[in-house]
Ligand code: KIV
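Consider the single chain below, provided in structure tokens and representing the form predicted on its own.
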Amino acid sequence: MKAITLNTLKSMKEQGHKIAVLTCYDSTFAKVANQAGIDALLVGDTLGMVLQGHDSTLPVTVEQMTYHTASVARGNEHAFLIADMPFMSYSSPEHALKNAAKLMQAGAHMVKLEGDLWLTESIKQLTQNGIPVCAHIGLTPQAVHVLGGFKVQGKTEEQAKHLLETAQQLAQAGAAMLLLECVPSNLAAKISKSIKIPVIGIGAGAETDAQVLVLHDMLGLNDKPAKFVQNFMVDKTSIKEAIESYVAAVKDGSFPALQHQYIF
């Protein structure tokens, strides 16, 4: 397959073609996901939970993210590669630039930052220096203690308005992609239609431009999966077949189904 670039993903949004994204943490799974037709891979700081056994993403370091990004990059063939910037690695634009450079040099095509409007200056700084940014809003796991737990965001009219305006302003600041986590489906749809950049959803309904799941969750390895998770290993004989099923379900719009969505 031809390498998927940021321009490819933007074109897919414009044409209404769904984008399938999956987290990945090593070379072997990167190869399998590529063979299964995945569009983009996210080296997520979720590795702190699914690989290291922590109860949050907060302990993950820049060095660990760099290591895993390089591992995934070596197994990657065509997928667009996004890497998470871990907790407190982008507390200022200068700090963000220094740490994002490490992830890009490790093989990432884009970095992802969690936050709110305070991300604006860092997004501008990174973009001006040739580093594409995916802004992550809604439920932001790195701020789980501020949010009071892993809760759906944007349920009230005021919260929904703030998230919509934040998405628009971060796009204007130069964010090249947006990730929405755990927000009501109707809000996610409204945000996706209001900005030109691709919007990735996780627990954000079926009308975002892309879907992402944590690899271990979609393989049924989590004993207590979130509402928005589907086990794609059911009735499958291989991991490659499960990922192919996930990609197909994203592409044809059958995932996420109604039971995976937050509707208020």
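Numbers follow the displayed sequence, beginning with 1. In this text the structure is predicted, and so the values were computed from the model without any measurement.
Although it is not shown, the form predicted together with this ligand is what the next lines describe.
Heavy atoms, 4.5 Å, this ligand in the predicted bound form: which of 146-154, 67-75, 101-109, 175-183 makes the cut? Say which one. Of the stretches listed, the one contacting the partner is 175-183.
Does any part of Asp39 reach within 4.5 Å of this ligand in the predicted bound form? Heavy atoms only, please. No, no contact at 4.5 Å.
Report yes if any heavy atom of Gly44 sits within 4.5 Å of a heavy atom of this ligand in the predicted bound form; otherwise report no. Within the cut-off, so yes.
With heavy atoms only and a cut-off of 4.5 Å, decide whether Val212 touches this ligand in the predicted bound form. Looking in the predicted bound form, residue contacts with this ligand include Val212, since a heavy atom lies within 4.5 Å.
Please determine whether Ile202 contacts this ligand in the predicted bound form, using a 4.5 Å cut-off between heavy atoms. Residue-level check for Ile202: yes, a contact with this ligand.
Heavy atom within 4.5 Å of this ligand in the predicted bound form: which residues of 117-148 qualify? The stretch 117-148, when checked against this ligand in the predicted bound form, contributes only His136 at the 4.5 Å heavy-atom cut-off.
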